[in-house]
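A lone chain, given as structure tokens: the form predicted on its own.
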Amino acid sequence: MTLLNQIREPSFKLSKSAKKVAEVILQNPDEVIHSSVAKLAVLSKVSEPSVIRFCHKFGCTGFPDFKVQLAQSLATAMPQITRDVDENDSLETMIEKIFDSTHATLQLTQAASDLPSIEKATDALAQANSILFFGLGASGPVALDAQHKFFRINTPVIAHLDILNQRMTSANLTSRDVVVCISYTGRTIALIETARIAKKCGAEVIGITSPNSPLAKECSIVLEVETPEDTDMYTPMTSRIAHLVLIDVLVTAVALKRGPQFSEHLLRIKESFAETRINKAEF
């Protein structure tokens, strides 16, 4: 039984305050996924401890865990999100499935976002002497995108998509370097071994990967991404979008951490592009 169905189940005896929380959740579960404990408490007209007790009643460790299960419940409620594209699908159905799957994945990723982990990753990246992004296969383009974006934060950064380069580079790292390993499955042997080498050399290893995966266990900081995608049949689609969004979150967080004066640096970079583009007023 999904979390939403449990909340609707009449046999679950809820207190007066819990009923208020349940009512708000059932009325707009999408909004709750993006809310904080404080916001849900205000909407429900109850205290924050009442919201936490409500989460515990349904077997959740806390509000973040509750939001993840709620997002998964919503995804389950919409079959088009969890089904893979079928060879017999019409063009219209295929387009609908891909957009719906992407939307659901972003909801799940946002709900699963762990603020302490993102803060730790931001601190590590902001203080790093150098930043390396490792990705193989479908995760390679994400690593290249990260290199492109982090290039602007004025810290040496490079993406390696070759197994041997990853291993050799990792063996030369120090405690002031940061490696970001990107893998949807977290089961790619070569990347797991690379993360292990980097960690032994003292580098901070950040994983953007599936929770509790072999790669996650080799990382000091894990940013979890879990989707219903069948990577054994199709090239990963929705997970890549989630990974790209997490990269956006990290680079923005690092830029903000640098303070207002860093905005001048970013503005200079933006202005350097001006002469490479045709002015809108000219066409």
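Model, not experiment: these values are computed from the prediction. Superpose the two forms; the largest set of C-alphas matching within 1.5 Å is the rigid core. Don't overthink the numbering: it's just position in the shown sequence, from 1.
If you look for the form predicted together with the DNA, you will not find it shown, but the lines that follow are about it.
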- prompt: Which listed residue (Ala255, Leu43, Val37, Val249) meets the criterion of a heavy atom within 4.5 Å of the DNA in the model of the complex?
  reply: Val37
- line: Among 240-248, 23-31, 218-226, 44-52, the stretch whose residues bring a heavy atom within 4.5 Å of the DNA in the model of the complex is 44-52
- request: Decide whether Gly59 counts as a contact residue for the DNA in the model of the complex under a heavy atom distance cut-off of 4.5 Å.
  value: no
query: Within a 4.5 Å heavy atom cut-off, is Pro214 in contact with the DNA in the model of the complex?
result: no
message: Superposing on the rigid core, is the Cα displacement of Lys67 between the shown form and the other one 2 Å or more?
response: yes
- request: For Ala253, decide whether the Cα shift between the shown form and the other one is 2 Å or greater, given a superposition on the rigid core.
  value: no
message: Given a core-based superposition, decide whether the C-alpha of Cys55 shifts by 2 Å or more between the shown form and the other one.
response: yes
